[in-house]
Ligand SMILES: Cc1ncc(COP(=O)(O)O)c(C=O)c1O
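In structure tokens, the next block holds one chain alone, the form predicted alone.
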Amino acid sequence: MKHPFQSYRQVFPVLSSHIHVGSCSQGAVSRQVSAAIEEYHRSLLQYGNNGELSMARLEEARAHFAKLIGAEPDEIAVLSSASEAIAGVATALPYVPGKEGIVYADTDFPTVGHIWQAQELFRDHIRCIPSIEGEVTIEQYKEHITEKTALVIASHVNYTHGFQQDLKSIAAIAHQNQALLFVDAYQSAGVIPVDVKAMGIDILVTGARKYMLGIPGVAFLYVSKDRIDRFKPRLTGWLGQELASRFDIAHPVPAVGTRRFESGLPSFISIFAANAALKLLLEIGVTNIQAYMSELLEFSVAYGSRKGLNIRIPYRGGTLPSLLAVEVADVTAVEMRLRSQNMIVSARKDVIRVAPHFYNTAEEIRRVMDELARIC
């Protein structure tokens, strides 16, 4: 199987000694990202204060992420984590009696439930869709989304087994009921093309550390410019204000667009890293990455099945983008054994997640599957 990105492997030092297929938890760090981190460090050492440079990198990262998902820079807020973004939306969503329903699925990342159940106004109006064999059907969304629904939260790709949802269809159902669609793209951004306008996504959140090849400390929140005026953030700060009111303690004026969700100074070192990672992704093209990943995934499922591994495959028409969930008896022990063989995977619940990226080869997948077969 030909690897179209062979020339890029050299920019990921870890690949010289390890098989890194743990992108669902932390993507491999490139030399470009490392150089960006060093730039941040060096600028502080040399100049003592790099605030102007740091703000410039923040705006570059904002613009790059906007381009990645087909949005405008003013529709993007740069935050510290996906949890902060979800909490910001939850506390800013207006409570309207008769239109207060919140819908999510039991397959969403637990933070979603934790945050929404902490919102007293909305707690009694949550409808959690029970999954069927780990998946949620479009028919279930039709059943649970009603004229009383205010917001629908949906994971683009399931964090455990990689089930990919049809966001465009879910958006259509939500909009038919005058509800908003909030997408968690943490397991898809960087490896699956996302066009928020074409897909009908109203709100989206993702972080930089996984398939977007950055490090912890940065998340991006998108809110459509057509929806933003209904949100009045209560989690805010001086960077969430218009320039004229940033230093006016008595007369705050929310910033134009999604920037109003920003608060204090972010982790600039993480922003330097995210900016470099986004440049690399845009250079390669997520559409090109997805084309290769589809081929690699097809090979991986076929080879793993031949080796006798139990791989969870969507039963209801979904597609697996890059994440393979291999059922094993003791996930922690298996993960550590693979790490002792310099194979980086990610354990979650009762599966070992094999999550390659564009830099991985079929031979690397074969070696991981062979070792899993020996263990199991």
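Quick note: we count residues from 1 along the sequence shown, nothing fancier. Fair warning: this is a prediction, and the values are worked out from it, not measured in the lab.
Unshown form predicted in complex with the named molecule; subsequent notes refer to it.
The named molecule is not drawn, but in the predicted complex it has no heavy atom within 4.5 Å of Thr258. Not displayed here, the named molecule is kept clear of Ala171 by more than 4.5 Å at the level of heavy atoms in the predicted complex. Shown alone here, Tyr292 lies farther than 4.5 Å from the named molecule in the predicted complex, counting heavy atoms only. By the criterion of a heavy atom within 4.5 Å, His161 is excluded from the residues contacting the named molecule in the predicted complex. Proximity to the named molecule in the predicted complex, defined as a heavy atom within 4.5 Å, singles out one entry of Ser131, Ser83, Ser267, Gln119, which is Ser83. Comment: the named molecule is not present in this chain, but in the predicted complex one of Phe299, Phe109, Trp238, Phe231 has a heavy atom within 4.5 Å of it, namely Phe109. Annotated contact segment (heavy atom within 4.5 Å of the named molecule in the predicted complex): 74 to 82, selected among 193 to 201, 273 to 281, 74 to 82, 144 to 152.
Contacts to the named molecule in the predicted complex (heavy atom within 4.5 Å) from stretch 175 to 194: Asp184, Tyr186, Gln187.
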